[in-house]
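There is one chain below, alone, in structure tokens, taken in the form predicted on its own.
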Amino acid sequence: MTEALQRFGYAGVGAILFGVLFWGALLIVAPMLLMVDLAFRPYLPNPKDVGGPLDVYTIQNFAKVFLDPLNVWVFWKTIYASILVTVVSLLIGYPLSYILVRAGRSAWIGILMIGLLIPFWVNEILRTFAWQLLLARYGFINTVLMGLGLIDDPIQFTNTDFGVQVGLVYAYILFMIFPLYSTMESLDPNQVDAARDLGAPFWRIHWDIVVPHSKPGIASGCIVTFMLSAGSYVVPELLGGTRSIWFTKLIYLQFDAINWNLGSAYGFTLVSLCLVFILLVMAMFRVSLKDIAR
């Protein structure tokens, strides 16, 4: 802060802070407040009724969210699948991050990192279309499996929850790997080497040394991966189709039908659940927002 004052002066720093706060209020706070306000108001098809005696605060929109069997099923399916995607991403990302860190400055590490990043230079929609081709009934994966004689008939991967989960893991696994890699990189390798020299088994080294040190990265990766998975629209739409409805699809349908009030109630419910998940993860790993931000 002192360096910023010396470089820009009080007026410059004040202008920068004002710009950041104004931008955040305009793009984050204001839309959220509008969504909350709409969620607690009834849907009034006639614009003349807006602001009239019928336009009162109510919880009828949330009654549709929690009492409609289809809404409840889709909501909890989305949450369950998002948690599963998060767990799978962690199981893949943790050992991969550890290998990258322990490899140090090996020449192939840079190649591997670039290999992880290159697919994400392409738009998410195009990457999802690529997985649609891979998972299609007569796509690459089914063709290989039938060519090897492992299956007789093609497996239905697309238009299923499994296909959506595969696409979500691929789409967001880097958001798990990079926080893990960042925290593991700050771990003193001498601790791991000393534990190994003293005869500690592999699992004990991770349980007592690596995992406790990596808790902020694990928590951050889990939070971001879960929120992106639960809020994804493109991947479930392209890989799930009409047979695997995601909660974001229900939100889109309400806004598309110009029922912004019910759509806002759906969105507010999803945001609230994500907030609860964040608090649970922070409590489980015993980390604070400050730890995650580092």
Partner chain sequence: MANDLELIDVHKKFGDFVAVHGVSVAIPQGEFFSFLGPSGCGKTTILRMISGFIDPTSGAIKLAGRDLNGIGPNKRPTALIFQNLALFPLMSVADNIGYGLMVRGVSSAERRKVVERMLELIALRGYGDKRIDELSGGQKQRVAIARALAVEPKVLLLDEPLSALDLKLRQHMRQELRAIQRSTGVTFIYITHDQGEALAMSDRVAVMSQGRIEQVGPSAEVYNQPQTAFVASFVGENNAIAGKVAASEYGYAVLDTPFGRLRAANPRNVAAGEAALLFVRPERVRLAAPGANGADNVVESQVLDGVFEGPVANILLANEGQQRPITVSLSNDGNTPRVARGERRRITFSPDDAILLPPASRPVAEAMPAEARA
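Note that this is a predicted model, so its numbers are computed, not measured. Positions refer to the first chain, counted from 1.
What comes next is about the form predicted together with the partner chain, which is not displayed.
Does the 4.5 Å heavy atom contact test between A200 and the partner chain in the predicted bound form come out positive?
Yes - in the predicted bound form, heavy atoms of A200 and the partner chain come within 4.5 Å of each other.
Can you check whether L100 is within 4.5 Å of the partner chain in the predicted bound form, heavy atom basis?
No.
Flag P212 as yes or no: does it have a non-hydrogen atom within 4.5 angstroms of any non-hydrogen atom of the partner chain in the predicted bound form?
Looking in the predicted bound form, residue contacts with the partner chain include P212, since a heavy atom lies within 4.5 Å.
Taking the partner chain as it sits in the predicted bound form, is D193 near enough to touch it, meaning that at least one heavy atom pair lies within 4.5 angstroms?
D193 belongs to the contact set for the partner chain.
Mind telling me which stretch in 182-190, 156-164, 72-80, 85-93 gets its heavy atoms within 4.5 Å of the partner chain in the predicted bound form?
Looking at the partner contacts, the answer comes out as 182-190.
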